[in-house]
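Have a look below at one chain only, the form predicted alone, in structure tokens format.
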Amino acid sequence: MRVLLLIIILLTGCQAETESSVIRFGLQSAPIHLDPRRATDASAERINRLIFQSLVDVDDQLRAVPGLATWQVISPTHYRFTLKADNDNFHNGKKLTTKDILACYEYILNVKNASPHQGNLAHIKNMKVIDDKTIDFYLSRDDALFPGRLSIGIPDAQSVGIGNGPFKISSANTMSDVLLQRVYDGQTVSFVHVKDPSVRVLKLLRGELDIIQNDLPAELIAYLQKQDSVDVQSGRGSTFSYIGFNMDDPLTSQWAIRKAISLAIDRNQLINTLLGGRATLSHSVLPLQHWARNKKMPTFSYQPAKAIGILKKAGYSNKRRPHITYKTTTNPLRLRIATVIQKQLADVGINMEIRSYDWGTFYADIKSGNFQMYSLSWVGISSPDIYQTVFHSQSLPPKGANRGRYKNAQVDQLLDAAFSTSNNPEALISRIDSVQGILLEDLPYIPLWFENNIAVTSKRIHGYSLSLNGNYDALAKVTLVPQANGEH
């Protein structure tokens, strides 16, 4: 990293800013695709929020609030949504109606389309369009959190690339260079895929990018904070980082292996040395301030001696060490984290082989279950139904995101009961608490931390701000500041 910093310093000694009316946003990972009915990766989710509006949004307390529509609970299994009168038309001028909503959710519910959102909405029994502004959803069971599940962007029923958000797609010939145009003033934003963080920083300092956000090593952040040519913002985040296991694998399905790994990883060391202290330790998928999070849940800590004892009891020793493959991306920061984890596991008697791949290959492997152990992050978590999406046995891909193939009948029962407790938030929270406790014991995931958000902007940018979940919503209002001649 010191060599890379030296290269950046030498190459930016004479900056060569390229004046442009385009705001250029550097992405570590290109979006997989921009179909909100299918997207689950972070880049796509954040860009799609700019293009498509959803029936329901969330407030600062992560509770469901009206987006495109308000709703009425007719009965515990019957919800009526009414489109608000002030909704914008689609970008092609067509009026957004309940027929577009119907088409969107019919697509998701059709198992042939393999939407990753299907499992989370499988209890929708029927939908009925009442008129252009009113649509009814009928459920097969009670669901107190149902409105919060309808946070998927609504595309034009005839053209999935058309939305009615603050931006429209100008060009997306490749996902590595997506061009959006702001509707109200024509401002163009280009999302450019630059996977290497040092290159992203170099391009920012040379004026070839205007904004970079997250996925930066601590050393680069510290370097950027000393540069007068850029502004650095930092704030707490709700992006949840974790280690996941394949519960169908003969080795990682063993509780002793997962428990030993959880005790062998010094998460505080990783946060302090590789993330510069810019993360908050977590034992839950839900953010710290979430209304449904158990504030007194069980925890675990770094206990390598206990990890060695668990492995010994399970029949492992220095002569019979478990060998596990760990998949990650080629992102330098993620590789450094993997390398430290590899050393920590070796210290307790576990051999860990690191396999790194480009984002597309890595993500495809995770979704298909082609892994033993991996690390990823969940972004934009707002509802406790994330537990159903990730841990319910009926949410195995492609119906949901239970990529580790975790199956626990008690968790299934608790989740089914939790979301059937209409008008009883205390009962819902109690059952979610129980689920969180079971998961900390079973460890299909090892919770790591919530990473802080970091945004670095050129001096041309005015009004960009960070949100808790790291979305790009501030681009709807950001402006370009004219630079004086010779100023860089």
Partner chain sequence: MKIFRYLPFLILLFWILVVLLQPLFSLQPNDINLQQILAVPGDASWLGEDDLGRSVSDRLLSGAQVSLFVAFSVMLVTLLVGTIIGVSSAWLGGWLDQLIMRITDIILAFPGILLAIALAGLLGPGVGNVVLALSIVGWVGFARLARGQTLLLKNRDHIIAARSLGTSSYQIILRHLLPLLVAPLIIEATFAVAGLIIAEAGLSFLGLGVQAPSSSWGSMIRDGSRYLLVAPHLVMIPAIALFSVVMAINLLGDQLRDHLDVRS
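Numbering follows the first chain given and starts at 1. This one's a predicted model, so the numbers in the text were calculated from it and none came from an experiment.
Another form exists, predicted together with its partner chain; not displayed. Remarks below refer to it.
- Its partner chain in the predicted complex comes within 4.5 Å of a heavy atom belonging to V340.
- Its partner chain is not shown here, and in the predicted complex it never comes within 4.5 Å of any heavy atom of S368.
- When contacts are judged by a 4.5 Å heavy atom cut-off, E208 does not count as touching its partner chain in the predicted complex.
- When its partner chain is considered in the predicted complex, V230 lies well away from it, no heavy atom lying within 4.5 Å.
- Put simply, of R336, K306, K407, R278 only one has a heavy atom within 4.5 Å of its partner chain in the predicted complex, and it is R336.
- Only one of the listed residues (P166, G244, P332, G380) places a non-hydrogen atom within 4.5 angstroms of its partner chain in the predicted complex, and that residue is P332.
- Heavy atoms within 4.5 Å of its partner chain in the predicted complex are found in exactly one of 393-401, 193-201, 284-292, 100-108, that being 193-201.
- In sequence order, Q269, T273 are the residues of 246-273 having a heavy atom within 4.5 Å of its partner chain in the predicted complex; the partner itself is omitted from this view.
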